[in-house]
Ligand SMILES: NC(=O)c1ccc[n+]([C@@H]2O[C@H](COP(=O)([O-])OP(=O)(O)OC[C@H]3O[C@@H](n4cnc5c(N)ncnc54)[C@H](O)[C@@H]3O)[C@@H](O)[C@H]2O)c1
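Just one chain follows, in the form predicted on its own, and it is written as structure tokens.
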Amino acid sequence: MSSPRIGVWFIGARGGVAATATLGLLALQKGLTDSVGLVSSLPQFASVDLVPWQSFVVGGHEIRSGSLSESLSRLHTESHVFDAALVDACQSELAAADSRIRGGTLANCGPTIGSLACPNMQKFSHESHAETIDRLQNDLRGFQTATDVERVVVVNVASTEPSDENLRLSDRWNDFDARLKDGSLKSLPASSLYAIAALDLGMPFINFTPSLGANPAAIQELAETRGTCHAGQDGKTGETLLKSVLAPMFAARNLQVLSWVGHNIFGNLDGLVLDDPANKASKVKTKDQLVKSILGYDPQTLVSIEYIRSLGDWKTAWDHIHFKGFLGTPMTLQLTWQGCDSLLAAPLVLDLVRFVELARRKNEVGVLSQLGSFFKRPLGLAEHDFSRQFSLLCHWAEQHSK
């Protein structure tokens, strides 16, 4: 019996992460790459009924002009990642994926993200939230019909939106929906409109960004009402991943962390967006809460993020950890993490699609807390120790072994 075809719908479809994930998926389908970096290819998941890579078809929403091929060419020439021959070998499939990309929404994205949009996006500028959701859903339905896929998994890998600390929303979907329909709710960010559009259709939603997405209680209720699932928030790919591994070590050795400073520099489009203080605040918030949660006390912490254009997609993080040892002796641990942002994130996105598709196929509903090891701020999970998070994933996988 052949596996069903599954749609993958990327929000931010021509961005670095989505373009790299699309190229990686095509390379896997063509046998042009191995499985290094893919969690779902580990031996622990070999007996799990995961959909094979050949089953996936890509489409998405985007606010910018251009093409997937152009995005990948920029990554290759500016950041010197992957072989240009790999892009050339997938040109026809990339063009086909491009033909399935539709215009997204700029609702409450802030001026920095708005400045990146192509002129065609202006035709959607007067939409109400309800009209935007209807349009996005028509795109999703059209994709599912045109590609004849059984299910669609929607993944938000768009740029980080500014957070609105004053946003007050109803906790019940009926009240929330009524305000959407009467036009009185006007402050929702694009990420939440995408989440509503997907979940209302019963399509799973993955929020790989720090943006609001499906976080509001009413939207989570919508997912449960429609019998679908979601996961998030903010993919854990670099410095925060190291924190989730190292902080438990300090706790287990009873070494008192006095301060933990992390400085991050990178130069891709995400870095440009995060150069705006309003957008940066959303990112720093998800990066700066983990240490306290794991240690159980509150050392002084500082997280900084700076945009350095010349670095392209390469990200460098320096961490300085000042801690107290036996007999009050002060000591330090310093480390440097350097990686290519899109190449770290893309395989995790593909893993999440496989795991979330399985959960949807098995009729799991609501927040998928077992996927917490993939996120800086995992919904439905208070545990931040990476090894414990990964154990939850492995335990869940055992329940779905063939």
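Because the structure is predicted, anything quoted here is derived from the model rather than measured. Each residue number is its position in the shown sequence, starting from 1.
The form predicted in complex with the ligand exists for this protein as well; it is not shown, and the discussion that follows is about that form.
Does each of 64, 157 and 160 have at least one heavy atom within 4.5 Å of the ligand in the predicted complex?
Checked in the predicted complex: all three residues contact the ligand.
Only one of 244, 228, 192, 209 gets a heavy atom within 4.5 Å of the ligand in the predicted complex. Which one?
Filtering the options by heavy-atom distance leaves 209.
Between the options 153, 199, 317, 109, which residue brings a heavy atom to within 4.5 Å of the ligand in the predicted complex?
Contact residue from the list: 109.
Partner absent here, but in the predicted complex, which of 327-335, 176-184, 230-238, 245-253 has residues with a heavy atom within 4.5 Å of the ligand?
In the other structure, the partner sits against 230-238.
So in the predicted complex, does any heavy atom of residue 26 sit within 4.5 Å of the ligand?
No, residue 26 sits far enough from the ligand in the predicted complex that none of its heavy atoms falls within 4.5 Å.
Under a 4.5 Å heavy atom criterion, is residue 384 part of the interface with the ligand in the predicted complex?
Because no heavy atom of residue 384 falls inside 4.5 Å of the ligand in the predicted complex, the answer is no.
Does the 4.5 Å heavy atom contact test between residue 269 and the ligand in the predicted complex come out positive?
Yes, residue 269 lies within 4.5 Å of the ligand in the predicted complex.
Is the gap between residue 264 and the ligand in the predicted complex 4.5 Å or less for some heavy atom pair?
Because no heavy atom of residue 264 falls inside 4.5 Å of the ligand in the predicted complex, the answer is no.
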